[in-house]
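What follows is a single chain, given as structure tokens, in the form predicted alone.
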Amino acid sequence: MWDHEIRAMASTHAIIAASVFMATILPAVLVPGFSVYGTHLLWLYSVSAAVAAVSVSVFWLLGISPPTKKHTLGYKLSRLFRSCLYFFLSCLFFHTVVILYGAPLIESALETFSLAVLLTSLTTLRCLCVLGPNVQAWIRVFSRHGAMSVWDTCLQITVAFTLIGAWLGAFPIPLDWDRPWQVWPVSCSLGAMIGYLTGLVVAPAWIHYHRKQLTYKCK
């Protein structure tokens, strides 16, 4: 049971992970002076764009997104608009949360918002790809026993690993080590990316190991 979905999930995650690798390697080859630390914002937006483009494309090709009840152009445009709106609101939400956790309010505002864009690309965009612009479905998935498919379970795991990675990445910042990766928000964005990539590996492995125990309610 679930073997086909697990294989599709593993393949999807491999493609997304490869996009992160390419978004790191290609700028280093094409852009003089590029480095993850020295030109961190460029790397951050490069990776965010790569993950967003590949995720949207792959999930659309796999047909993971819930089917729309209406097929009119107006409805599809409305759905696209709501998805873009949710993406932007998510950026503002993460920006606010990061500030509440101690990030500078005015100083380094661009760096803080860039981290929020990365977190949105790794978490909220995936929710949009899997569940669509449906806040009730999001709340349902992240509630206790709310998963209704292996993709819902995968979503829970990848989002959790990403946010935990970003949170753990903040711990080295106040230490007096004077390392380049302690500059805001390098360690947090690297922690989020490491957590995200870890989640991409752990999710299909965990689901495969527990596939006989997994039971989902009908949608």
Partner chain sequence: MKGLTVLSLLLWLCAAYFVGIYLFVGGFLLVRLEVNRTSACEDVLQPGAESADFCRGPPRFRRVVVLIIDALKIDFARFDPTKTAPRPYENKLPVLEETVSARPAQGRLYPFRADPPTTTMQRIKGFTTGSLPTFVDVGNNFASSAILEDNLIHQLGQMGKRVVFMGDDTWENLFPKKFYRSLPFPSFNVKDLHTVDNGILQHLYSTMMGDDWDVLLAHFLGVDHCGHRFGPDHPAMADKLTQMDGVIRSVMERLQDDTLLVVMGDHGMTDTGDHGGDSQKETDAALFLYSPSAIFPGPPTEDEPDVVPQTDLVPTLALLLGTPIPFSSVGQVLLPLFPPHEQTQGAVRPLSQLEALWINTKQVNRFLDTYSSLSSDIPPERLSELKASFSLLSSDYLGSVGAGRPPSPRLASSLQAYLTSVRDTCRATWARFNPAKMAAGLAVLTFACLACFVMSELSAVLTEEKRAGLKGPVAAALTVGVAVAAAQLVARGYVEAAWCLAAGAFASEALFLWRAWRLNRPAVSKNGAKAWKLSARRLLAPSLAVPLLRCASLLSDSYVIYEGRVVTFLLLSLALYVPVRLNWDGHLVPLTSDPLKSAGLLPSPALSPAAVRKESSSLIGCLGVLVLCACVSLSFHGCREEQGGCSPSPFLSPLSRLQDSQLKNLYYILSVGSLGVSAYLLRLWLCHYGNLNSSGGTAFAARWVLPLLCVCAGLHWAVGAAPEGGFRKLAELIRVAQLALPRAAFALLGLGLALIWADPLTVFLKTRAAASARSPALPPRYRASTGISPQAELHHLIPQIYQRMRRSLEDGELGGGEEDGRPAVEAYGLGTVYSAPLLLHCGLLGVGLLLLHPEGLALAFLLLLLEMAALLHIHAAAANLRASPAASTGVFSVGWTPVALWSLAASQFFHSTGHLPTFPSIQWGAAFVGFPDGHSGTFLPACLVSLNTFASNILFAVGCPLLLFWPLVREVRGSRGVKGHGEEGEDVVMEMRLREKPHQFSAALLQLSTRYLFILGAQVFSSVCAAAILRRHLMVWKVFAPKLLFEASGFVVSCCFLLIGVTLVLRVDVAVGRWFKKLIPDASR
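Residue numbers count along the first chain shown, from 1. Just so it is clear, the structure is predicted and the values come from calculations on it, not from any experiment.
Keep in mind that the form predicted together with its partner chain is missing from the display, and what follows is about it.
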| property | result |
| --- | --- |
| Candidate from C84, L92, L110, L100 lying within 4.5 Å of its partner chain in the model of the complex - any heavy atom | L100 |
| Exercise: W167 in contact with its partner chain in the model of the complex, heavy atom 4.5 Å | yes |
| Contact flag, P27 vs its partner chain in the model of the complex, heavy atom cut 4.5 Å | no |
| Contact test in the model of the complex: W60 vs its partner chain, heavy atoms, 4.5 Å | no |
| P174: touches its partner chain in the model of the complex, heavy atom cutoff 4.5 angstroms | yes |
| Segment that reaches its partner chain in the model of the complex - one of 125 to 133, 73 to 81, 140 to 148, 111 to 119, heavy atoms within 4.5 Å | 140 to 148 |
